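Just one chain follows, in the form predicted on its own, and it is written as structure tokens.
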């Protein structure tokens, strides 16, 4: 997923958690452990572009589900939420996702009572004590009709309020407030300080939205605050304004199989959304889900089946996903100096019958087991002489 394109019969050298080189052919120096991937497809690790991995497990019976929060009565704007404090690397969903080839992900809040849903973290799915790669990676904002209906009740209230918040943050001109500084804004110092890197373009602003007119409002915001790095999430009707999005360098993170008008914000749903956006020059990333984040390869394959070029399909879950999340300097491609996240596939990774045979995260080959695979192995061979509650796994 670099300018090299596809490399035939490649040798990839990994050292100290990073990629040392990628060359066609080549001998392996002494002292290296060898993974034989002859005849296989080898790609960068897949990136979950928009998930809550590490924040939720069995949400109804395993204690707190940290991917949601109730904040409306507290008066919080929501910008100060930081998911990096809630990520649990022991979640069973981590192993389930990574043995399918997902090696890193944006871990973000799924639901709050506020329009802003805080700052999401970019995490590694490797066996690390601290999975956080970038703690304050993205800022989340939900401007869907459902969110507006459950909060202010009208776009006539919600959009002017958002503009007011952004204008207040922009008034700081890139400087954060200190404790001793005078401040008479409507936002607290903590709330407005959290928006400073967003206004400077140092932190991507991920906005969940579907309706065409709402997307046009976002384009207007981009025109007003040019430094914003805006990424649309879900964006069911984005194809209708594809040229404008491309002109203003607004990327998207899609769930490309949306093809039904689930509500009045998605009347223009179509399976060709990704293809039309790409044809207009919009950067397209794919990958929205948590419990089934592993379906991201299938989703990208569906987008390819409906017109997205194959190379763009793979890029949507690797290099483009890294770019829109602001981590392209370390993830998303196989090249010297990047994090050694590598997957060996049985075949074309966008084909539904292909699977990950070997997964390397941060230079370490991970065990290809999960809670699900252990349950499968336990019950694959039935034993009739003893009740299963008495059999040790």
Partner chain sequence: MKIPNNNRLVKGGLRHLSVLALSVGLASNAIADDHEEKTEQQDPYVEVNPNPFPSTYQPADSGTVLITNVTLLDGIGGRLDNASVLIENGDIKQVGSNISAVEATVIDGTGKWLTPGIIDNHSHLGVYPTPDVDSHADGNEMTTPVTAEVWSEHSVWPQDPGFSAALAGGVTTLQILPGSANLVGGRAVTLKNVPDRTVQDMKFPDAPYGMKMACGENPKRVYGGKGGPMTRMGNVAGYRKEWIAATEYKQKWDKYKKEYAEGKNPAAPTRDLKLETLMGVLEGEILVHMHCYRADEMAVMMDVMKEFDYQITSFHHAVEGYKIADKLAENNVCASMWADWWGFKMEAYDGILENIPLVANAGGCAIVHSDSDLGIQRLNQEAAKALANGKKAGIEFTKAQAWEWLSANPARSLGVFDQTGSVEPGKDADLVLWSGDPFSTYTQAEQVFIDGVKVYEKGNDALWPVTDFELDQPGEGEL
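Source: prediction; values computed, not measured. Residue numbers count along the first chain shown, from 1.
Another form exists, predicted together with the partner chain; not displayed. Remarks below refer to it.
Original post:
Tell me, which of 247, 267, 157, 163 has a heavy atom within 4.5 angstroms of the partner chain in the model of the complex?
Top reply: None of the others qualify; the residue that does is 267.
Original post:
Heavy atom within 4.5 Å of the partner chain in the model of the complex: which of 320, 138, 93, 233?
Top reply: Contact residue from the list: 93.
Original post:
Among 109 to 117, 213 to 221, 79 to 87, 270 to 278, which stretch has residues with heavy atoms no more than 4.5 Å from the partner chain in the model of the complex?
Top reply: The contacting stretch is 270 to 278.
Original post:
Check 291, 310 and 352: does every one of them have a heavy atom within 4.5 Å of the partner chain in the model of the complex?
Top reply: Every residue of the spot touches the partner chain in the model of the complex.
**OP:** Spell out, yes or no, whether the shortest heavy atom distance between residue 301 and the partner chain in the model of the complex is within 4.5 Å.
**Re:** Although the partner chain is absent here, residue 301 would touch it in the model of the complex, with heavy atoms inside 4.5 Å.
Subject >> in the model of the complex, residue 58 touching the partner chain (heavy atom, 4.5 Å) >> reply: Flag for residue 58 set to yes.
Original post:
Can you check whether residue 258 is within 4.5 Å of the partner chain in the model of the complex, heavy atom basis?
Top reply: The answer is yes: residue 258 has a heavy atom within 4.5 Å of the partner chain.
Original post:
Wondering, does residue 305 line up within 4.5 Å of the partner chain in the model of the complex on heavy atoms?
Top reply: Answer yes; at least one heavy atom of residue 305 falls within 4.5 Å of the partner chain in the model of the complex.
Subject >> Sequence-ordered list of residues in 33 to 49 near the partner chain in the model of the complex, where near means a heavy atom within 4.5 Å >> reply: Going through 33 to 49 in order - heavy atoms within 4.5 Å of the partner chain in the model of the complex - there are no hits.
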